[in-house]
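As a starting point, one isolated chain is supplied in structure tokens, in the form predicted alone.
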Amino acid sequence: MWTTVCELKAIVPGTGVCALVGDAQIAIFRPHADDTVYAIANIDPFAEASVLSRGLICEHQGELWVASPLKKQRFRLRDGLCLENRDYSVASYAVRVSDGRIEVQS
């Protein structure tokens, strides 16, 4: 089942937002001005805080990551892998843009 979370234009390129899908907080990222989006869990497992959607999108070794705004650990946008410690990786979610709206699979 796909859940609409917001309009694509509601996310400024290079930033992220948090969406509540069911009872999961999901960080949705739009790294560029196109319709490419990513979705990972919003909870920073190191700080146990809902902050990843406010992290800084960066590139490392040809991959896109988000750096937590608290402790700066990096999580790969395509799959939630934690660069600094795989044991702290976060969930990733299927996400798409349909008719200008971002949808997350729930």
Partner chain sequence: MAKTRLIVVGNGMVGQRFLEELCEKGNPAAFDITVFCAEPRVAYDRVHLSSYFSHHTDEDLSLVKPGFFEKYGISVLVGEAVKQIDTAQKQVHSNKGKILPYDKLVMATGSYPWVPPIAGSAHHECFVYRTIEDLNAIESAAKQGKSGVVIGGGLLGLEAAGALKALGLDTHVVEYAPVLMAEQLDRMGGEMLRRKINSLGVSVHTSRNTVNIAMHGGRTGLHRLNFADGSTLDTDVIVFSTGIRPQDTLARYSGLFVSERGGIVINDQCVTSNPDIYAIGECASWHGQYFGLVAPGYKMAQVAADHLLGRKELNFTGADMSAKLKLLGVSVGSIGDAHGRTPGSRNYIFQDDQAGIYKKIVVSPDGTKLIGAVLVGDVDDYGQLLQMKLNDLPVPEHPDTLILPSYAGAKPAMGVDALPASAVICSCFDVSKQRIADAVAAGCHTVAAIKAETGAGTGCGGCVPLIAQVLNAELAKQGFEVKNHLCEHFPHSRQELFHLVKVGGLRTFGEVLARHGHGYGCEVCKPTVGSILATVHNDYILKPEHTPLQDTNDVFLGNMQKDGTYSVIPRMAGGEVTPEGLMTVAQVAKDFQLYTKITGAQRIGLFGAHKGDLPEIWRRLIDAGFETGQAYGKSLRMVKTCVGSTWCRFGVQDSVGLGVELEHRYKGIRTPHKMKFGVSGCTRECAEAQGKDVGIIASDAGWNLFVGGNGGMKPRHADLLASDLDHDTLLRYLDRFLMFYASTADKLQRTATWLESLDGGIDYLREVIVDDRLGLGAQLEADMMEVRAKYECEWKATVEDTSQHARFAHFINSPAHDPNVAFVPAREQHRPASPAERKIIPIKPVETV
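Bear in mind the structure is a predicted one, so any value in this text is a computation, not a measurement. Positions refer to the first chain, counted from 1.
The next section is about a form of this same protein that is not shown, the form predicted in complex with its partner chain.
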Report whether the minimum heavy atom distance between residue 95 and its partner chain in the predicted complex is within 4.5 Å.
no
In the predicted complex, residue 36 touching its partner chain (heavy atom, 4.5 Å)
no
Could you confirm whether residue 89 comes within 4.5 Å of its partner chain in the predicted complex, counting heavy atoms only?
no
Are any of the heavy atoms in residue 78 no more than 4.5 Å from a heavy atom of its partner chain in the predicted complex?
no
Which residues from 66-87 come close to its partner chain in the predicted complex, meaning a heavy atom within 4.5 Å?
67, 69, 70, 72, 74
